[in-house]
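As structure tokens, one chain now follows by itself in the form predicted alone.
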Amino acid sequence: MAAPVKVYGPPLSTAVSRVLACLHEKDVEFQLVPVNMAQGEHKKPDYLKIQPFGQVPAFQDESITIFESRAICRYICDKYADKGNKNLYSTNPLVKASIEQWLEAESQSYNPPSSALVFQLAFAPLMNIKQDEELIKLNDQKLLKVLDIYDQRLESSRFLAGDEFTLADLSHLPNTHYLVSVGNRGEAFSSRKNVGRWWNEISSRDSWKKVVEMQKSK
């Protein structure tokens, strides 16, 4: 029997939690390897061999090492295509193109303002870093514009890439969770009928509930 894949990093990390949600969706056994970032373990030579940028997560599957959470998720879906949720990353070229375009939208349009807000609203206070009110205001505005586009899309589609929950939706879970649960930005989602319906559905999935439980236990 093959050894379980390894995920390096804390589940509180948005990038790590993206990978964990994907593994749960695909029913792939994994081992979570702690990385104490406060003690600089992510910058030590042994870790840099598997993640040269000294960030989390890093991922190992036997002799294969991968970094960058979205690349890891694509690999998991491709290698374990016959396991778990088979709709997560379709093999149909047209469906996959739709998934890919919304993954790009998440990475290029949603992630920049949402990540800035997650840091300012959720992590800066924990790190005793003064919040930048101007930066918060700017990224709030950027995020709302993206959500308006999402709301239009979700008026005619149950999920971003179509009628099935896919990697495109999953990739939004980590940042949105922090914005809603810690950042007091729930109204930005609930005030948009289609976005609110979509968020309630994707955040209620068993795979994400398992990740949230892992975060609570750390």
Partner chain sequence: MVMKVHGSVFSTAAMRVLIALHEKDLEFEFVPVDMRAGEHKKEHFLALNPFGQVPAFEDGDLKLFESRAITQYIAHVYNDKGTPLVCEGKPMATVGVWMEVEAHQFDPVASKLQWELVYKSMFGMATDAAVVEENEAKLAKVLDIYEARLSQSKYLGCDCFTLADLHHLPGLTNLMGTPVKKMFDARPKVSAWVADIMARPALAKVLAMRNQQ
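Fair warning: this is a prediction, and the values are worked out from it, not measured in the lab. Numbering follows the first chain given and starts at 1.
We do not show the form predicted together with the partner chain, though everything after this point is about it.
Although the partner is absent here, M127 lies well away from the partner chain in the model of the complex, with no heavy atom inside 4.5 Å. Contact check for F67: a non-hydrogen atom falls within 4.5 Å of the partner chain in the model of the complex. Put simply, Y150 is close to the partner chain in the model of the complex: some heavy atom of it is within 4.5 Å. Put simply, L144 is far from the partner chain in the model of the complex: not one heavy atom of it is within 4.5 Å. Between 117-125, 131-139, 93-101, 80-88, the stretch whose residues reach within 4.5 angstroms of the partner chain in the model of the complex through a non-hydrogen atom is 93-101.
Contacts to the partner chain in the model of the complex (heavy atom within 4.5 Å) from stretch 103-117: E104, A105, S107, Q108, S109, N111.
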